[in-house]
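Let's start with one chain on its own, the form predicted alone, as structure tokens.
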């Protein structure tokens, strides 16, 4: 009788604990699947300070960093996979990555260097905690403010993409040579209005363009060329002189905003009616009937431009983000975990063996080990012998 009673008590206890454990798991997953403004408050309290210090130092050292990072952010988040830092991944002998697509070859190295510096500092302070995608978005916002641009809230908790394929870029990023209707369509497919698209184009108020991108326009002497006739005559002569040696020196470039090239303001829009746009798409903004009213509005009202730009940047930063315990962050922003693991093979093999032994004994207790979540299958990009799909904890 006593034995029966004891078994019954244990059964009731186990039955009671199981729902509580499941509730704990559900709440844990929900909390980790939401983006929040203070996502790293407990796990990496120095997050904001480290990024601010690093971007300030880099921008002082190389003043083109802000514009470069802004462009890198746009080229990452505007793609169908959203803000997942996949643009940071390097190509491999078996795969050509996004960053090596023709449209991304001109992405400045200062932006990539900045992300590496921030990631290194954060890994030293709070290892295996901060995603590359959160770094890119936050650094972009901080640099924008440094240049005098508007502030926007950055919600954190993104996870990083696992793959990066060059062909995925095609037809999803605007090119200066595209007709305005096609550029509008690219942004519309991502949920942006014409006004928001024009506001985001205002990012050209900082940064530069390579002479090779505008050579066909500024050296076209045909009076019937719409792109050539839209340039201010004196301005186009200045561009020709500045780009005169571009065939021998492909790095030659000119500022997008010749008036205030290092300040984020609405002067870019004020330049367009005067024929002072650099790219063909800049002139298209003022000549197209759908976009022209917004160019004129932003040229006259900087506060309106800042408001729409900030809200559009926040909207862009939230497109297609991955969250929760089924996604991951990268230790090395230029490499996916599959590639990175090859450098740490012995370490991970030992970790996996240890975890496999614990799985056999008591899998649920693994959920209590630490905050850094990965799956054995994801670590190596393939199924393990156990076919495990649930998350296990890696010890620091």
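Positions refer to the first chain, counted from 1. None of these values were measured; they are calculated from a predicted model.
Keep in mind the form predicted together with a small molecule is missing from the figure; the text below concerns it.
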If we test each of 236, 97, 279, 322 for a heavy atom within 4.5 Å of the small molecule in the predicted complex, the one that passes is 279
Counting non-hydrogen atoms within 4.5 angstroms of the small molecule in the predicted complex, say which of 274, 151, 263, 175 makes the cut. 175
Using the partner position in the predicted complex, report whether residue 213 sits within 4.5 Å of the small molecule, counting heavy atoms only. yes
Within a 4.5 Å heavy atom cut-off, is residue 71 in contact with the small molecule in the predicted complex? yes
Examine residue 192 and determine whether its closest non-hydrogen atom to the small molecule in the predicted complex is within 4.5 angstroms. no
Heavy atoms within 4.5 Å of the small molecule in the predicted complex: does residue 55 have any? no
Any idea which of 104 to 112, 238 to 246, 87 to 95, 164 to 172 reaches within 4.5 Å of the small molecule in the predicted complex, heavy atoms considered? 104 to 112
